[in-house]
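The same protein chain appears twice below, in two forms, each given on its own as structure tokens and labelled structure 1 and structure 2.
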Structure 1
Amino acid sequence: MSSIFKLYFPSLFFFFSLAPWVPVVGLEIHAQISSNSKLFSGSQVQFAAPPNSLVSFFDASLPGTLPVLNRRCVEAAVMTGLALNCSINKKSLFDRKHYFYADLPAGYQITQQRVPIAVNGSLSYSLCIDNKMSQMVTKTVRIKQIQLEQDSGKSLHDDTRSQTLVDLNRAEGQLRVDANVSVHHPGEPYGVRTEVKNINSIRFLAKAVDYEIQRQIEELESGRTILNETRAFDSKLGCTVPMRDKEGKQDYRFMPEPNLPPLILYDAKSLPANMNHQQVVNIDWIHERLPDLPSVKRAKLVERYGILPEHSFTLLNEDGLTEFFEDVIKQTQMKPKKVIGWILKDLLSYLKQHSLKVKESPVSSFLLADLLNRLEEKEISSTAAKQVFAELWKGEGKTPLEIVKEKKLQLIQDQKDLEQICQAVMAIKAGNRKVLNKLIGLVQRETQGRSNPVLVKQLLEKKLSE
């Protein structure tokens, strides 16, 4: 069984159409804990493992088997709780939630309904208004609870043979979200809510919630009512549709799980001296080992490297980008403020264009640093550097130096050469200080960006003053 936690985000934000409507959105987020074995059994967790290959007797709900809680999962839940500013319950309980379904072999799911491991947290996040990076707004969502939950199995429907097969390795999706949505007028009670189930990506979540808000507003504004129903998001059509729910309202008949004693967590103060430390989970110990949270990381980046706050967001939002940035910094003399431009404008846009992750980048931090060093040493111009970067992206194993040589992109330092070129330019354009920059541009064009702009400027000034 993989392990799941739920985060409830009863969030509130405003949305205006003709009449003011306030949508209320609550999310139930099922996230798989990255652990080696399942929440209640010793079976392994492995992505895309052959069906039913990682199933213990407990996973198959054989009679007489009992759940045994996985310590790693508890620690992960505590860590998440701390990261999300929750209060950690030193005593939490497990419950059984009953329903019949083919991929739920026990007929119930072990979860934490009544007293979950962590409650009352919050998550602050920033977003930019009108896509302008300079206008960031910070918002906060409230987190109702984090609970440890056993995952159900996975039904695989074989339509041609009208069979359903069940894989008890359990669901492989790493993220699954159910969104509860309602709309109401300010000052009035909350509207009837619908639940959009089984959304499996952040992008679809945003689409589903936006669609559902819009749909509810349209329904209400045309005088119809909202049904308290379960809906599904159709990612192809980009809309939500009612789910077939012939059973009517389910009564899950929650009861305490009698085979798991209350989960007791300790802190430095309450930790009994004679306890085996392998057997207890110490909240303070986990707290100390908590990595920097994103807000702290961002502040550190701004402070350490003098980059803009909005750039720190972009660095952190892309998995591995901060590390890449810092690796480049370590290997180059270029100032971080200049490096960040290369990271965000060049590297990131290439990655986006090719839908690659940072770790898949064909240009390593070493190669980029090498390139930036050549730019910094004025061996090449920045225009040439961009060309070298484009070549490096091809991933042909060439070093920046090789590319520079091959493409003849060295910065032209030879005064005579430049003088000749400038002369030629001057012949076309009569001197005028105002067009100096334009002239520099022309020289650059003539030299395919290889001329040292400072030198060109000096030369042109000299020529003009002649």
Structure 2
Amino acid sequence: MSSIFKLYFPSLFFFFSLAPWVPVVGLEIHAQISSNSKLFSGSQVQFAAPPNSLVSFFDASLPGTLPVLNRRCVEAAVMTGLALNCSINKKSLFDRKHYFYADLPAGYQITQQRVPIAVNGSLSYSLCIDNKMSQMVTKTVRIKQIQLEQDSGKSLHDDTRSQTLVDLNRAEGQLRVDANVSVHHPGEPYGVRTEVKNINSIRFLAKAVDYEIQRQIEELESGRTILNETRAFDSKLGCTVPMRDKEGKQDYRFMPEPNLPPLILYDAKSLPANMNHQQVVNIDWIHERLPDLPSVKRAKLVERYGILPEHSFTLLNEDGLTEFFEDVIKQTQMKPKKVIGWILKDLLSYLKQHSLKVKESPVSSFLLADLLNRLEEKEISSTAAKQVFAELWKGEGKTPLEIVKEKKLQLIQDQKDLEQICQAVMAIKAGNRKVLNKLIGLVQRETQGRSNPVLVKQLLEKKLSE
């Protein structure tokens, strides 16, 4: 009875690269709403709670108990609908979906089949061409509907004792997906679809869909037919396997839910005068509090900091990275275009190498900003800065300045000392102008990265011209 809603994506992907076959994928997504209590009861929602420890009389379907709709869940569904460009129905209805299974003690599930809370939305997304972030295309998929639905219980199968236990806490996680897949030739009617049930990760979803598309194409090209069946994805084998056929389609005997009145929503125009706003759900009020969507956030990052669009995708795709980047910007004199390089090339690569999240980074935004300030003020070279960052990553509590002094990484400021080093290096190369860059590298090596490359170049050019 935890709070969930369904999103229906009809025809999600079209893979034209597989011509002459056109696959069509529709997704039914079960997403658990973040709420303190369940959709129709006051029982607490807590992931991984002991079995049946969060079950009210209504959750257990005791006679005479009635559902009470959770306002928070309605608001979350409306917010989701607005974010996905749906039309919000000011009047939606609840239905009973009848089927009999051990984890559904009432014998029916409360859902929204006829008039759901939101319909006819769209979702735009971007993807890379040939894995190149600089070459991205935008695609849009349709969303059929969003509906509030009572979650079923969880069956725990004990094969050793040949018995099944039931947990009615009904808080099974945050995401489950059913994928409906079919293939057809361009211009022809859609093919027979199969349904791959209860996929619990985006990675498995992609693998299941890819496998099912290829399986159906091979079946049809071999002269066989596709069965209208329910399949499961075996993540270990990387394939889908039959569960049951759908030739005899189950009759769910949908009927209006007699214990719940129609769900009425309002906007600023339809809100009755003198009505307490605490007693209603106002669509406009929710819309005003809708946070920036990813596309808006990316556009703001590009405009505000002058970074490349592909960099904005990376910042948003890593949890907490945008906030880290902006914290560094606030504390450093370095321009954002240079800061982003340190964030993406250095910080992010270290995080991925050690399988850490941004919030687990041993290098805080303050320490990185301090390091970049010293680099910007030409106290250290970029080579030395990389060394300091590596030391900071060890998490020994040292500041960039302490590491610079300990490792003697300060840039050599005495021009006479640099001139002597340049003269010594030039003597080795006999004043050959063609090897200027190599000479600069030799000076850097001689000074252990403590020389300013720009100044070294000027000194060497002066020496070579004498």
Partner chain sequence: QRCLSLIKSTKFLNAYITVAEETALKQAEESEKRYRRGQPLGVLDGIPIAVKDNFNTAGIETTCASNMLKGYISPYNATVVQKLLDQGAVLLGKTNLDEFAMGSGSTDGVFGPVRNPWSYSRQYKEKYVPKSHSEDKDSNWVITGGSSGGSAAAVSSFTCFAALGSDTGGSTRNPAAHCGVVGLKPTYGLISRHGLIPLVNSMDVPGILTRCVDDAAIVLGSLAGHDPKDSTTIQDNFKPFELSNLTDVSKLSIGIPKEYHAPGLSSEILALWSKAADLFKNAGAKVIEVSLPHTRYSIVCYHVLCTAEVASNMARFDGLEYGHRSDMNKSTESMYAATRREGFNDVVRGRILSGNYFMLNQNYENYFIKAQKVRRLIANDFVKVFGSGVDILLTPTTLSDAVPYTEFIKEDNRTRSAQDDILTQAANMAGLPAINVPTALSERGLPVGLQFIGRSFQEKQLLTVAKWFEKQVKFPTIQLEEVKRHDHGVFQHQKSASFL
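Each form is matched to the other, and the largest set of C-alpha atoms that superpose within 1.5 Å is called the rigid core. Being a predicted model, the structure only gives us computed values, none of them experimental. One-based numbering along structure 1's sequence throughout.
Note: the form predicted in complex with the partner chain is the first of the two, structure 1. Core-superposed comparison between the two structures: the C-alpha position of Y350 differs by no less than 2 Å. Once the rigid core is used as the reference frame, the Cα position of E257 differs between the two structures by less than 2 Å.
When the larger part is held fixed by a C-alpha superposition, the smaller rigid part turns by 6° between the two structures. Core superposition places the Cα of I380 2.8 Å apart between the two structures.
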